[in-house]
Ligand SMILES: NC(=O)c1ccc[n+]([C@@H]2O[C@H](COP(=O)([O-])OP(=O)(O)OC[C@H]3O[C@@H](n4cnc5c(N)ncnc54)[C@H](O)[C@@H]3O)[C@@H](O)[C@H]2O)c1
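Presented below, as structure tokens, is a lone chain in the form predicted alone.
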Amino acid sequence: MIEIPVELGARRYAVSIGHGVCGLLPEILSSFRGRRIVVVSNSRVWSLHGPRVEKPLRALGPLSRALVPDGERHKSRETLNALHDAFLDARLSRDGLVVAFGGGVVGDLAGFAAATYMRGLDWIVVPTTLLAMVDSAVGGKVGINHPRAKNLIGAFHQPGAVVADPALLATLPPRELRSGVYEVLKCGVLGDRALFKALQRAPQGLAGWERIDTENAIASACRIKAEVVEKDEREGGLRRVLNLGHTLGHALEAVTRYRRFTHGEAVGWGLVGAGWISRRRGLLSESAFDAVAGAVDHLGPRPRVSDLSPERILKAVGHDKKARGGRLTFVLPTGVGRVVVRDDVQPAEIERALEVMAAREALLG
């Protein structure tokens, strides 16, 4: 088992990574023994993997279950209210424990419900998708979507532990597995050349990767995120670098009502767009742009962007919660392993980036 500490003083926790660690939940979570627990999941995840966690969690304390609808569009006020109702029905008090068992939607919802119920309950994340393991599970950003912007309503509420069992990934559809690999690639571009090179050599979507390779990729991505979060827990400055690929990515998700792209696919396109803007500004060499865009393409097909309205995308970018005083903030790669943050990106640059993305789509067929 690999353990990565997230050093945040009194809010310190560890990310435990390894095949079969779900069976070790009573040991990993021993400090929470005796709590009343609500595990939040969805019906598909629970039907596939519920037995892996139900017995270990019951060894810790009385257990109730709350299932939420699957899909990004259900990360909403309505689902949040339903979770608060479930907590009341389970008689959770301020010493209760919420366990998020699912992908990023489940984690964001469960974490925000825990943050806002009785002014804050302890919670644990047991992510079941690669995307959640390397992205939303680490860092304590929780929330729900607004109809006009993703993750607009939320809080910072650190989990008490993250338990990532790659054995759960065996049932992921190939598209969902690829979705997570785009976020792993983002971490490589952000600050780990060795991880980037490993992904260039990897089978598409990590299909067929050896167990140790998968664990190491997850650990590398989590380590990068942990290091950033330790220095900037509440996104006052440095943590913004984790949004590499996300400014355009979130806009693509918003204008398609979270139905066309997985989050990772949108981030993949966002990496290409941010890379082109950086290349156009002379911050990124042509060869480095080709390497980044090529690595994105290597991971597999992505839904089309060529039929989307540039005007709607620009409007969605303007609603992004990272915008400051009407200025558009972008994280731009300056090389594999290096980025800068710029708040002077112009709409014309974004429009041209969208044209380049559409042209690349046509070349890929």
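Heads up, when I say rigid core I mean the largest set of C-alphas that superpose within 1.5 Å between the two forms. In this text the structure is predicted, and so the values were computed from the model without any measurement. For every residue, the number given is its place in the sequence shown, counted from 1.
Keep in mind that the form predicted together with this ligand is missing from the display, and what follows is about it.
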- Query: Is E176 a contact residue for this ligand in the model of the complex, using a 4.5 Å heavy atom cut-off?
  - Reply: yes
- Message: Even though the partner isn't displayed, in the model of the complex is A266 close enough to this ligand, meaning a heavy atom within 4.5 Å?
- Response: no
- Quick one: does G104 come within 4.5 Å of this ligand in the model of the complex, counting heavy atoms only? yes
- Using a 4.5 Å heavy atom cut-off, state whether R44 contacts this ligand in the model of the complex. yes
- Task: Among 91-99, 286-294, 211-219, 131-139, mark the stretch whose residues have heavy atoms within 4.5 Å of this ligand in the model of the complex.
- Result: 131-139
- Partner-contacting position among L314, V340, L48, A59 - heavy atom within 4.5 Å of this ligand in the model of the complex: L48
- Message: Just to be sure I understand the contacts: of L185, L168, A114, V125, which is the one whose heavy atoms reach within 4.5 angstroms of this ligand in the model of the complex?
- Response: L168
- For 68-83: residues with a non-hydrogen atom within 4.5 angstroms of this ligand in the model of the complex? D70, E72, K75
- Query: Would the C-alpha of F112 be classed as shifted by 2 Å or more between this form and the one not shown after rigid-core alignment?
  - Reply: no
- Query: Core aligned, does the CA of E253 move at least 2 Å between this form and the one not shown?
  - Reply: yes
